[in-house]
Ligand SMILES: C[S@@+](CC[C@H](N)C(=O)[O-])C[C@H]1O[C@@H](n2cnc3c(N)ncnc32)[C@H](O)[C@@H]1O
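Before any questions on how it binds or moves, here is one chain, the form predicted alone, in structure tokens.
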Amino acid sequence: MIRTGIYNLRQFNPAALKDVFGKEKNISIEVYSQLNQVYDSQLKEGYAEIVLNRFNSSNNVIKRTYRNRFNSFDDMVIEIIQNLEISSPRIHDMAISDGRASYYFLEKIQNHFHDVEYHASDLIISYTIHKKKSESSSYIVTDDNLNIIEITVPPFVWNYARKEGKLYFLNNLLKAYFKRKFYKLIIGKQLKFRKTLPVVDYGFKSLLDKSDKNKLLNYNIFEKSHYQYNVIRAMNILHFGYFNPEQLNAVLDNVYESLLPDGILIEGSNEDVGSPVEGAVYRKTCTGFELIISSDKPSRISDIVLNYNKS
């Protein structure tokens, strides 16, 4: 069997999102950049969630996120930051995906602090589209390391971290063939046209652009940070669904090193928009972290954080 994909906003209707067997079709991440053509905000929001839900990065992470996800928890956190009486806080918001789940937090921060420096990061903030010519309908999507994330050859869209399934054996044959073909083209520098494809919510980007102190960064949480912060926020990333205890401790090493003395770590996770956040706020100490406050539902990794010891 063959399954086609969705690579144009005009194809975006409920009847086209699944194949005849009811299986989800791949959607090109390039469609995300076309969403500014949608003027109905609710429709645009729904489309963005669907596109990101079907886009896996090279490490097989889905950039799934929702607006207004942590509002009550964020209100509590902002009050804590105010109580610290830091005149010019520097904040790192890690693993933001496309920024929609951070919009409320950033908006509140900007309203409460006049001289805040806010850095938002994700493993990959933008991708690159490669084509032979600007008008070509076929293209390849890579990350900064030229890892092939997606290839679109109408009517097909192949995401190379998603599985096609045995039913679609013809798709798998074509998928392997075009990866070899495009890899040779990109290594041979035959794809002359390149375009940056940011995967950042328009409203969130507008908030960032209000100050030249704000930064949007590519950042791997397993790497050392180039900056130090008063506050580090890590929502829906530090939990056992993604990492084992050893990996979480490795991340905490980097968090600890990048926090200024008495800096705070904010972490939490939840399942759906408005559902209770399992989170906490911690203060950096001489040897590790101490709990400042916990949300109504305890953090999933509280024991890991509180037992962390900077040896």
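Don't overthink the numbering: it's just position in the shown sequence, from 1. If you're wondering where the values come from, they're calculated on a predicted model, not measured in any experiment.
Only in words, not in the display: the form predicted in complex with the ligand, which the text now covers.
By the criterion of a heavy atom within 4.5 Å, L123 is counted among the residues contacting the ligand in the predicted complex. Although the partner is absent here, Q82 is not a contact residue: none of its heavy atoms lies within 4.5 angstroms of the ligand in the predicted complex.
In the predicted complex, the ligand sits beyond 4.5 Å of every heavy atom of Y282. Within 4.5 Å of some heavy atom of the ligand in the predicted complex lies at least one heavy atom of N220. Look at 206-214, 144-152, 178-186, 92-100: in the predicted complex, residues with non-hydrogen atoms within 4.5 angstroms of the ligand sit in 92-100. Out of the listed residues V116, I237, I129, L106, I237 is the one that sits within 4.5 Å of the ligand in the predicted complex by at least one heavy atom.
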